[in-house]
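Next up: a single chain in C-alpha cells, the form predicted on its own.
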C-alpha cells in the first residue's frame, strides 16, 4: 500500500481556488458574506498551522502535565463557546450544570475509551489522547448546544403546559418530561444520522485520514466504529446529565416555575 502523498505549500495554496469560487458566487448573488468567508478561511489556516506546530512538539515530547493541560483548555473553550452562543439567556445555575455535564460526560467516556477499549500506554500518550479527546469534546459541545437551545425553547413555548401540569399535581420532573425527552432526541439525532450514512454515503474524516496515511482500511474501519460509538456515548451522557439537573434551574426551591 502506498504511503501518504505529502502536500507542498504550492499545492495547499491551489486548494484556495474553492474559496475564490465561493466568493464569486456570493458576489454574483449579492449575498453579503464575503467578509465572514475571508475571515473564517484565514482563521482556519492560521489556527491549523499553529496547532500543527504545537502537536509536532507535543508528540515528540510526551508529558502528562502538557496532555492534561491541553484537555483542560479544550474543555474550557468548549464550555465558553456554549456560553457565548447563548449569551444573556443562561442563568448562573444552568451555566454550572452545563460546565459539570461537559466535564463529567466527556472525561468519563474518554477515560473508558482510552484505558479499556484502546488500552494506550502510557495513559497520557498525546498521539491518541489529544485527537480522540478533541472529537469527543467537539461533538459533545455540539450536542449540548442543541440541547440547551431546545430546552430553552421548550420551557418558553410550553410554559403554560408545564404550569397546568403542576397545578394538577405534577412534580417539576413530571411536568417537564415531554420537553426533556424531545430535547434529548434533538441533541443526539445529528450523531445518529451521521452513523446511519457512514460507510455508504460518506467516509468519515478519521477513517479517511488513516487510509490516506497508509493504514489498512480494515484497521481504519475498526478505529472508526469504536470512536463513533465512543462519541455517541459522550454526547448522550453529556446531554442526559445536562437535562437531569438542568431543568431544575427553571424552578425555585418551592418547586415554582421561575418567571
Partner chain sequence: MFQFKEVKYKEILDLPDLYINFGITVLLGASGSGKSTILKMLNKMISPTQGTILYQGKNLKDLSSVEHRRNVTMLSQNPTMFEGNIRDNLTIGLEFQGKEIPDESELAEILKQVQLKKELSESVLNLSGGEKQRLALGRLLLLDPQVYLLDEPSSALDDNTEEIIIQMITEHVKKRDKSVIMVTHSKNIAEKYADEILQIGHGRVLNRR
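Residue numbers count along the first chain shown, from 1. Values in this document were obtained by computation on a predicted structure and should not be read as measured data.
The form predicted together with the partner chain exists for this protein as well; it is not shown, and the discussion that follows is about that form.
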### Summary
With a 4.5 Å heavy atom cut-off to the partner chain in the predicted complex, the contacting stretch among 165-173, 184-192, 92-100, 129-137 is 165-173
### Task
Select from the listed residues 161, 76, 117, 152 the one whose heavy atoms reach within 4.5 Å of the partner chain in the predicted complex.
161
### Task
Report yes if any heavy atom of residue 256 sits within 4.5 Å of a heavy atom of the partner chain in the predicted complex; otherwise report no.
yes
